[in-house]
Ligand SMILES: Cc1cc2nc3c(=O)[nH]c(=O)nc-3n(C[C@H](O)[C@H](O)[C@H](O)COP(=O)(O)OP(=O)(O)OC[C@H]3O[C@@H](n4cnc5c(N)ncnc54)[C@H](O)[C@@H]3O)c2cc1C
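Only one chain is included here, represented as C-alpha cells and corresponding to the form predicted on its own.
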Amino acid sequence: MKKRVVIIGGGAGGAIAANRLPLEEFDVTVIDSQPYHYYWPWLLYIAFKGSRRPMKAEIRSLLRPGVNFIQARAEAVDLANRRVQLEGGKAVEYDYLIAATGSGPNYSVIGGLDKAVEKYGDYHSTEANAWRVWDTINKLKGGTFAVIVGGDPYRCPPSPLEGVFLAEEFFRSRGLRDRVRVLFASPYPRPYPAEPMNEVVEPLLKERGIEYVTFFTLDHIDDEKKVAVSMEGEELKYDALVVIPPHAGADIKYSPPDVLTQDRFVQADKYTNNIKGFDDAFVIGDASAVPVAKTGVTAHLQATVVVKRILGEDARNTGRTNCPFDLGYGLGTFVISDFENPVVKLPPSRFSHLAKMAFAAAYWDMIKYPELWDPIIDAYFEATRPAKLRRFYG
C-alpha cells in the first residue's frame, strides 16, 4: 500500500518535494489556500524596474501528473494523530507531512507600518505593493528616499540592500541623484550583517553616496511628520520610505503547540528538518525556525534532503546558502556560506548578475522538472562550495 505524503504549501519547497517523490511508492497531496505559485524575488524588479514579466503560475500546472492538489486553507495540524484539518471541516490524514507554508509580513509589530505600506508600498508582500513602490519612486523628484529594515527575520537577506542599490541607480538614471538623498537604516552593527559580505557592500554604498545608519531598531512611523522613530529614540526624516517588514509564520495551529515559536515558525532539527519530536513530519523553507536564510534556494535544498530521508537515506542539510545579490548597474554577487563556513567575500561581477537573471528565467522549469536540473544544480553547488571558494576569496 502506498504511503501518504501530505505537503502543505505549493511554493518552491513544496512543489519540488512533490515532484521528486516517486508516485509508484507514494500518494502525494499538495494543499494550498491559493491557486498560484509566486516567484517572490521578482517583486524587487517590479518595485525598482517596473518589470511586467509574469511572476506567478498555477500550482496545478507545476505539479506533475498524479500529484493531488487541494485548494483549501489548512487550519490545524495534529502531529500525534497525523491529521491536517482544512477549512470547512474536512481532514486529511498522512503517513508523512511536509510543512512548506512559507512566511509573510507582520505589519502589526511596528506602529504606523500598515499605513506606510498602503501609501508607499513594499517589495516583500504582494505585486500590488511592489507597484506602489514603483509609483512612489517615479513621483519623487527630490528629498529623502529611505529604505529601513523593520526587524528580523525577513525573506531574502540581501533584499534590503538590493532595493537600496536599485533605487540609487533609478534616481541617477533619471537625472535626479543630486536632488534625491538615498538613505538606508538597519538594526545591525553594519550595513550587511555578515562581515565578509559587508566588506563587499559598504565600499559600494560609500562610492555611490548612499548614506546609512546602523543600530536603528524601528519602533514606529509618523507619516504626518514624515519621521521614522527607533526604539532608542532616534528620528529619521524622509519624504518617501520603504520598510522591510519583519516576517512571521503561517497562521496554522499545531498540536502540540510547543513546536511553534512566538512568531509561528516551526521548530525543527537543522540537519534533518524533522519537526521537533516527530520523525514523520518535516518543515522546510521560510516556515522553519532553523536559523538559515529564508530563500527559495534554502527551501529547494531542504526539500531535496527531506525527500531523500522519506526514501530511507540518511541525508542531511549542510546549511548551504546561495543568495543572489543585485548590486545595481548590471553587477551582482552571491551570499554563499554553510554551517561550517562563514559567508564568502565574493567580489561584484557582471557574471553574478547574469547568473541571477538566468536562474529567474529557468525557475519554472526547475520547479516542474527537478530531475532534469539536478545534475546541473549539483555540479554548481559542488563547484561553489564555501570551503573551496574561500581559498580564492577569503
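One rule holds for the numbers: they count along the sequence shown, beginning at 1. All figures in this text were calculated on a predicted structure; none of them were measured in a lab.
The next section is about a form of this same protein that is not shown, the form predicted together with this ligand.
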Gly10, Gln34 and Lys294 all contacting this ligand in the predicted bound form, non-hydrogen atom within 4.5 Å: yes
Listed residue that, although this ligand is not shown, lies within 4.5 Å of it in the predicted bound form (heavy atoms), from Pro196, Gly319, Pro324, Pro191: Pro324
To verify the annotation, which of these, Arg181, Arg155, Arg309, Arg82, has a non-hydrogen atom within 4.5 Å of this ligand in the predicted bound form? Arg155
In the predicted bound form, which of the stretches 142-150, 182-190, 218-226, 99-107 has residues with heavy atoms within 4.5 Å of this ligand? 99-107
Hey, in the predicted bound form, does Ala74 get a heavy atom within 4.5 angstroms of this ligand? yes
Is Gly328 near this ligand? Define near as a heavy atom within 4.5 Å, in the predicted bound form. no
Answer yes if any heavy atom of Tyr123 is within 4.5 Å of a heavy atom of this ligand in the predicted bound form; otherwise answer no. yes
Although this ligand is absent from this view, report whether Asp286 comes within 4.5 Å of it in the predicted bound form, heavy atoms only. yes
Can you tell me which bits of 226-253 touch this ligand in the predicted bound form, meaning any heavy atom within 4.5 Å? Ala250, Ile252
